[in-house]
Every structure is written in C-alpha cells, then in structure tokens.
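Okay, here we've got a single chain as structure tokens, the form predicted alone, with questions on binding and movement later.
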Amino acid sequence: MKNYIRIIALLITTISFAQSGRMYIPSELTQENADEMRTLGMEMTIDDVYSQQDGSIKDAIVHFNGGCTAEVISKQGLLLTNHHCGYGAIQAHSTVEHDYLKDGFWAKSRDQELENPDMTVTFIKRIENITDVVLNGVTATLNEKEKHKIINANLKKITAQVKKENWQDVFTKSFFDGNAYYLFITETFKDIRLVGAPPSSIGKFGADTDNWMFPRHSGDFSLFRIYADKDNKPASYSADNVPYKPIHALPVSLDGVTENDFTLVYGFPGRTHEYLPAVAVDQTVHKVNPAGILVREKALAIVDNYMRKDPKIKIQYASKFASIANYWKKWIGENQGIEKSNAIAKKKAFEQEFTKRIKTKGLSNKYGNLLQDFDKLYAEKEAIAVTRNYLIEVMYRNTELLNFAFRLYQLENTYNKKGTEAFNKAKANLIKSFQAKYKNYSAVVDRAVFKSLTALYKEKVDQAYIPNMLKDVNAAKLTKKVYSKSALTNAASLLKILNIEDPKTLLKKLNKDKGYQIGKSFATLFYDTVNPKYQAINQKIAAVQRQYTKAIMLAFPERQFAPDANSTLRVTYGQVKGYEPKDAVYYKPVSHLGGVIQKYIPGDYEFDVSPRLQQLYKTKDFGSYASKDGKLAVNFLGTNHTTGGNSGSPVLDAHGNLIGLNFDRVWEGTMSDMNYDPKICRNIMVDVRYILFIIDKYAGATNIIKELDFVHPKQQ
C-alpha cells in the first residue's frame, strides 16, 4: 500500500511539470507552473488564477449548461460564451416572424432579456484531492470488482460527510485513468436569460465550410445573464430575481494581441485520451471514426438538401445540423492529424522504449505484458466497437424517429422495472421533451434519412446484429410502412397515445405501432447484445489502461505529464502563434474583418455579409476597437491545448484580462484529443475587440458596453 501511495503521489506531482499547452487542475498549480508561465510572458500569480480563500479568476468561470464554458464579464452577472453554445436557446426563441438566428437579438433593457427554462451554469467553489481516502483499502491482490466496491463505498462516505452550504452540490471525478481522485464543491444557478446574440451571418460565419479551419472569421459569441434571489443565491426563475453579483468579473483589455503574447484558457474541457496505446489510436482512426463519418455524411447531405429548399426546415434543423456536422468534420480532421503527425508510429516507438525501461527497472513481472494485453483486447473489441458505432449513429444520433422510439423504449423499461409511479413521472418528463422536439421535426426529412441510413446499416453490419424487422425487407418498403402508419411521425398522434392514463393500455397501444416496433428492435439489440459485449471488453481494457498509465509514470520519471480532460475545471497556457499546416504554407496568427469581406458570397447561408457590416467596413467605422494599423482583428490562434467543452472559454492575457473567446481548433489539430503536438495543434479564438465592435457599432447595444470594465495593460 505504501508503494501504491508513492506512485499516486508521483502521478499528482507530475501535473506541475507538464509542458505548456497541457491541461492542469487549477488547484494543483505550483511554483514550477508559475515559472514556466512567466517564461511565456505571464505577469499574474498562481493565487490570481486559483484561490479557495480569496476571490480569483476561477470565480468568474462557469460550466455553461453542462457542455460549454462561459465567463462573468460584468458586476451585474453578464455572461459571455460562444454563439454555438447559446445556439439552442437562440433557436428556441426564434420563429419565422422573429428569426433571431437570422437577425440577431439584443436586449436593450433588463425586461427584454429572455428566460431559458432548464438552462444552468455552475461555479466551482472548491477542489480537494481525496486520492488517499478513496484508495484506502485498495490492494493489488483484489480483483477489479472488489476494488470498485471499496472505491465506491469510500466515495459515498466522503460525499456524505463533506462540509458545504445547503445550496451547494458535490461531485467527485477520477484522474489518470483511475489512479487519482478529486472532489468538487459547486454552486448551480438556474435562472439564465438571453441578453444578446449576433445574427448567424456573424456568429456562424463560414458555418460548416470553415468549421475547424483557419483563416477563420467568425464572431462566435452570445451573451446571457445570471439571475439570483435577493440573497445572491441560486434560485429557479422568478420575476423577483435580480442580476447575480459575482465574486470576480473579468476586466476586458482593449490592447489586442500580437504573436508570442501569453494566453491562458480557463474552462471545462470534455475528454482527451493521450495515454492510449498505439493499437487503440489505430483502431479509432481506421475503423471506428470511418463508420461515424460515413453515417453522418449521408444524413447531412439529405438534411442540407431540404434546408436549402425550405426556410422553415432551415430553422427547424439549424441547430441539429450544426451539431451533427461538428463531429463529422472533427473526426475527418482528427484522422488527418494523426496521419500527418505520424502519431501511431511515434506511439509504437514510445512503447518500445517503455518496454526497455520497464525491463531495466525490474518491473517486467508486473507491467511487462500490458502491451500484449492491449493487442489482444483491442482485437477482441474491434468488430463490436464498429457495430456499436453504426448502431448509435443510425438509431440515436441521426434518425429522429428511431431516437423517439429509443426514448419510448426506456419509458417501457421504467414501467417494467420500477412500476406505475416511476412510469408516470418519466412519462410527464418525456411528454415535455417531445413537445419541444416535435417543434423542430419534419417527417419528410426524417423519412429520407431513415431510408438511407437503415439501408447503410444493413449493408455494413454483420447479420448477427441486424434487427429481424430489417432482415427480411428492403429499406424502401420498411420506410413506406413505418412513415405511413406510425404515430411517431406526428406530435399529436404520439401525444394521444402518451396521454392514455393506464400504463398497460398505453404500452399495448404503443407496441402495435410500426415505428416503435422497429425502434424497439434496435434498442433491444443495443441493450441486450451489443452494449453488454462492448462494456465487458471495455472494463478489461480500463483495468489494463490504469496499470499502463501508472507504469508510464514509473518508467519515465523525468518526463512531464498532465491528466486527461474529464469535464472538470482546467487551465491551459500558451502563446499567440501562427502555424504551418502544409509545405510552403504559413498561417499568420490573426485574421481581420477584411477577410470577411473577401469571403463574402451574396445570399449564401455560410458566407453572406449584412449590408450593415459591409458599410461599417467600407467607412472603417471601427470605433476604438481597431489595431494600430487600422485593421479590425476577428480571430487569432494560440498553442493552448483545448477540446470539446472549452467552447466559450475565456482567453486571458498576462494580467488576467479578457482578450478573446475560445471557440474551435484547427482541423489538423483536432487529433490533440489523442496526441497533442505543439507544432500543429492550435486553438482558435474570437478577438474580444471584434465582439465589442459587433455589440457597439453593429448592434448599437451600448447598454451592454457600459457594464464592462475596460483596461489597457500594454499602455501601463
């Protein structure tokens, strides 16, 4: 046990010595981090970045609606995040008559700010290292089931005993593949109102063509406000709530950026997997990703065709299309980046050195077979992993009727396992969810997607994993049968079934529906066969991965490591940098409004430019937001290591002032989730001066500008 604790201590302390560009737990920042950041240009202290006793930058950072990051930028609780993070809310408030996606939205007074039911933002109040307590009683002689039982019991005890206020929450997370654990005390606010958003022609400029690309010219931002009760505590929506008074609000720098300026990104990165073995990366790039890419490629082509023909469908499917397209393109870029950086070969070379060191240190008996174990397990996993990906992409991600059926299947299981009371509660929530979903549903579009994807699934997947309803009929006949008869194609007809009071009668009626029958057959296949096989193999892989991560730290004690992202609060520091994506091609680190005009295509939904923005550019009416050369910066690049979840993260200068808003990565750099390479990995950020220009000069929302605290650190 002492040796195990020593290893854990090594894992945790190595966080402080990782190279710039990595993701750090802010509570673990040390003097070594401070020294490294100073070499990059930072002027702050570690306590300025994170402090549990006093106000710090961390008190301005929130987890936005569970998937993005946002930051407090005024003393009245004003939040800044990405346009694509607020996209669902903007869409929900939009109609054909009042299309905020097309025209933008600006609240000129507090009473014009729009409520967003179910939207939340979460502050991190405290972070504690609980590794020793969680792993107390865990020994090498225990099997995986026994280890998990002890760990879960310890976690339950810790969370029950933690000291916190009654309005606060607590959660725990594992790090280093289960070798370390941390506890987080949080405060979640539930009254969040839309304050401002540019039109999509600005907030989504370049749309899917420019997504993951540079040069980029997107004003990807939106504004919300946190409301609290009269005591400044979290509360559900009420007309009596008042703007939240933050512990810290980020000052806004008007000085702009130049190459090699220090950048610090603060937020909630989702998932990275940098400690995977070569065989895992190879399988992801050459087997799993291609399946998802193919399914989404077919679905996107169909939806895009209908969106271009019908303005109503364009509004209905705008958010869904963007969501599906986002990871479709990301996987393509990830594959290209892995190939370009020769990541798999590099990992194999690393593994050869790892094997030598393990042998030299006399650790072969304990860790010498890990790579062979990986090879065996990933070979066993490949077929089921690809099948599972096809199943999820067809059933859950891209075909809405099958997704509806999947949710109804879960409702039926709730009744069978938990009874009438749980069923009625789940049904009420599902009815509410369906009412929102059917607002943005077109059976015509979904019918075409269903036909294409069920045919693809039947073609690509082994016969053993094809539902019986799909085996004996072609996709065209099945589609006609389902979409001509199923109640799931229409909100009113489905709700008529769901409003039946007796659960047995409801489920009997539902099980006669053709749409539900095919969806249930897919869901049954997923739950009863595919997912259990997949999870069983994954559990074995996770056990080997935990040992492998620990062994890497022992084999390379001189190297610098950082924990993978897991949707917890992190900081990553770097510099403003251009990069060379191809031979003889170099991208400067800053793009400008002139590039927007160069890309302008009249009437094109991706590259249209409003007359207002054209006029402001023509007259060079940039206010105080232009650079010294008279240009208006739009986006810039940095070496910060970011991933999904960092969308909306603030970009801070050497003094902790807001200089930009993180929103994307370069295409080749999306492979940083598995292989961060500072030579080609770049994050893309909106220059805060462009945000201010749009708010002030374009929208005339000077009420928002007046809330902000402006600084000029470079002039001091």
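Residues carry their position along the shown sequence, with the first being 1. Everything numeric here is computed off the predicted structure, so don't read it as measured data.
One more form of this protein exists, namely the form predicted in complex with ligand ARG; it is left out here, but the text below deals with it.
Colleague: Can you say which of 144-152, 567-575, 628-636, 209-217 gets within 4.5 Å of ligand ARG in the predicted bound form, counting heavy atoms only?
Modeller: Contact criterion met by 209-217 only.
Colleague: A322 near ligand ARG in the predicted bound form, any heavy atom under 4.5 Å?
Modeller: Close contact exists here: in the predicted bound form, A322 approaches ligand ARG to within 4.5 Å, heavy atoms only.
Colleague: Are any of the heavy atoms in Q614 no more than 4.5 Å from a heavy atom of ligand ARG in the predicted bound form?
Modeller: So Q614 does not count as contacting ligand ARG.
Colleague: Would D687 count as a contact of ligand ARG in the predicted bound form, using a 4.5 angstroms cut-off between non-hydrogen atoms?
Modeller: Because no heavy atom of D687 falls inside 4.5 Å of ligand ARG in the predicted bound form, the answer is no.
Colleague: Answer yes if any heavy atom of F663 is within 4.5 Å of a heavy atom of ligand ARG in the predicted bound form; otherwise answer no.
Modeller: Heavy-atom contact with ligand ARG at 4.5 Å: present for F663.
Colleague: Scan T120, N326, S610, Q517 and let me know which has any heavy atom within 4.5 Å of ligand ARG in the predicted bound form.
Modeller: For this set of options, the contacting one is N326.
Colleague: R225, K204, K347, R296: which sits within 4.5 Å of ligand ARG in the predicted bound form by any heavy atom?
Modeller: Contact with ligand ARG in the predicted bound form is made by K204 alone.
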